[in-house]
Ligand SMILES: C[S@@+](CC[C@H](N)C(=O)[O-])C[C@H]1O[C@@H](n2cnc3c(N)ncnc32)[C@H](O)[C@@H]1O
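Take a look at this one chain, the form predicted on its own, written out in structure tokens.
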């Protein structure tokens, strides 16, 4: 990776391959996506405010959630945000690094992050989770996928046609990080799925913000 900024690399990568990735997303990982989209749909009442981190082109997850909720999608790729605004006109989209967001306390009822937090350098993942706790109302829901292996830098020179970066911790460390951020884990489960390239395993987290945690925490 040399001295490349990993976030700039991710942004440029999805700018380039976003259309291809969006088509892939509708055909692969479908069991996991559907299952964890349904978790959100079943647990939150209609009209809830939901933040979708790493929304990509808005397809399929943001589009499905926006049929029932007031959704704000965030992505680091400018081109992906442009696609999302066309694909899901009834949602709000923000072009931003998710680690740099600054929402008001207790702004959301739920936060989703499917296959996206792993694109952050791993030393930023815990602080992001702590920030999410503050953005959620007491009892608010988090549904996300994290890594299962400790890897500070995972780099592919041509992932689907563009350089790409990932980073993460092992599953036990991730569970501890989620809890120490101020969440109560409802379920944490490793799930393996086949992608267009290989079998992949992610740690899927369903958690809620503790009602006792202070809004400013």
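Numbering follows the first chain given and starts at 1. Keep in mind it's a predicted model, so treat the numbers as computed, not measured.
Only in words, not in the display: the form predicted in complex with this ligand, which the text now covers.
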Quiz item: Where, among 38 to 46, 51 to 59, 150 to 158, 175 to 183, do residues come within 4.5 Å of this ligand in the predicted bound form by heavy atom distance?
Solution: 51 to 59
Exercise. Would you check, heavy atoms only and a 4.5 Å threshold, whether residue 119 touches this ligand in the predicted bound form?
Key: yes
Exercise. Evaluate residue 114 for contact with this ligand in the predicted bound form, applying a 4.5 angstroms cut-off between non-hydrogen atoms, and reply yes or no.
Key: yes
Practice problem: Answer with yes or no whether residue 82 is in contact with this ligand in the predicted bound form, where contact means some heavy atom within 4.5 Å. | Solution: no
Quiz item: Counting only non-hydrogen atoms and a 4.5 angstroms cut-off, does residue 25 reach this ligand in the predicted bound form?
Solution: yes
Quiz item: With this ligand left out of view, which of 130, 92, 96, 107 would have a heavy atom within 4.5 Å of it in the predicted bound form?
Solution: 96
Quiz item: Looking at 141, 144, 76, 71, which is the one with a non-hydrogen atom within 4.5 Å of this ligand in the predicted bound form?
Solution: 76
Quiz item: For the stretch 10 to 37, which residues lie within 4.5 Å of this ligand in the predicted bound form by non-hydrogen atom distance?
Solution: 10, 14, 21, 25, 33
